[in-house]
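Okay, so here's just one chain, in structure tokens, the form predicted alone.
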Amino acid sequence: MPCKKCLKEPVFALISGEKLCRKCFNSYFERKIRKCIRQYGLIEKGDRIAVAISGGKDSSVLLSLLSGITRQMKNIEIFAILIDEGIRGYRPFTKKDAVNLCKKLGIKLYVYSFKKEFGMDLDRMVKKLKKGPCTICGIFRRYLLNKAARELRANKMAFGHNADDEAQSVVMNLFRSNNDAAARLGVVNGIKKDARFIPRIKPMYFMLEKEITAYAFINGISGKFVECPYAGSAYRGEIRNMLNDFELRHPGTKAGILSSFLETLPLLKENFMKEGGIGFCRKCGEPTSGEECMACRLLKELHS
């Protein structure tokens, strides 16, 4: 069956069953990203945006799109930040892809590493700590990304999180009854505004992972998209497999989760807005709800 819009050979089928050719699919994809940016006011005049890039398909597509979008806007500046966790057999390849993409787009890339910042790489941390690799990585990555973006004078940080990622997070927080974490989700992360926290925006919030994969392949963006070796051991991986199974049997499941969640999100945020203010970590000075941030607590365990 030909593309519904122009009768050319289709390359992708939407969850609605509508088939699109390359040109029409690209138009659909880019139009949806721009709509999200407009609807939620993600990019504004005078912004200096740090794009968190890994070299994977999501962040590579995001950087490519934002590069084109911001060139058409006045007084917008973007640059990229890559966190090198030191994962053998994974990060060297994706780092190379990220470097090549930034050179191609003419975008400045800043690289920060776990080893330089914390004294050891993730592979070594996993051996020393009795915690899941994704827990360790998540804590240190969030810490370092926020610190780097602030030091580089960004007022926003863009992430390549997609509909699959967010639906997984919603379900994970629901299963764990973690309403505090759920309240921080959304197209723009966070509950309270604070100069020490760089707001996180997600322009690809409503795009399915398979749509992003198709867009990357069709447009020749980035490299081989190597998967992190720790991904399969994470709790998130189980939730991902479950939702993928539901989506296969009941198309639209992930979109339905996000739609329902976004309706209740304002109530969640309002509830947690009533809690106390944001403090400083007594060791590193980074913002935290307690006396010591999670990164400093982990570092204490690592070096004890």
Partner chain sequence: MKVYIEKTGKTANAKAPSVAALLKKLNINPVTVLVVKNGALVTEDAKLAENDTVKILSVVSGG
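None of the values given here were measured: they were computed from a predicted structure. Residue numbers count along the first chain shown, from 1.
Separately, the form predicted in complex with the partner chain exists; it is not shown, and the next lines address it.
**Asked** Do heavy atoms from each of F114, S289 and A295 fall within 4.5 Å of the partner chain in the model of the complex?
**Response** No, the whole trio is out of contact, none within 4.5 Å by any heavy atom.
**Prompt:** Among 171 to 179, 72 to 80, 114 to 122, 202 to 210, which stretch sits within 4.5 Å of the partner chain in the model of the complex, heavy atoms only?
**Reply:** Correct option: 202 to 210.
**Message:** Residue-level question: is E263 within 4.5 Å of the partner chain in the model of the complex, judged on heavy atoms?
**Reply:** Outside the cut-off, so no.
**Y90 within 4.5 Å of the partner chain in the model of the complex, heavy atoms** = Judged by the heavy-atom cut-off of 4.5 Å, Y90 is in contact with the partner chain in the model of the complex.
**Request:** Determine whether any heavy atom of Y110 comes within 4.5 Å of a heavy atom of the partner chain in the model of the complex, and answer yes or no.
**Result:** No, Y110 is distant from the partner.
**Asked** According to a 4.5 angstroms non-hydrogen atom cut-off, is A13 in contact with the partner chain in the model of the complex?
**Response** The answer is yes: A13 has a heavy atom within 4.5 Å of the partner chain.
**Prompt:** So which of L101, L145, C228, A163 reaches within 4.5 angstroms of the partner chain in the model of the complex, heavy atom to heavy atom?
**Reply:** Selected residue: C228.
**Request:** Output the sequence-ordered list of residues from 242 to 271 with at least one heavy atom within 4.5 Å of the partner chain in the model of the complex.
**Result:** In sequence order, N244, D245, E247, L248, K254 come within 4.5 Å of the partner.
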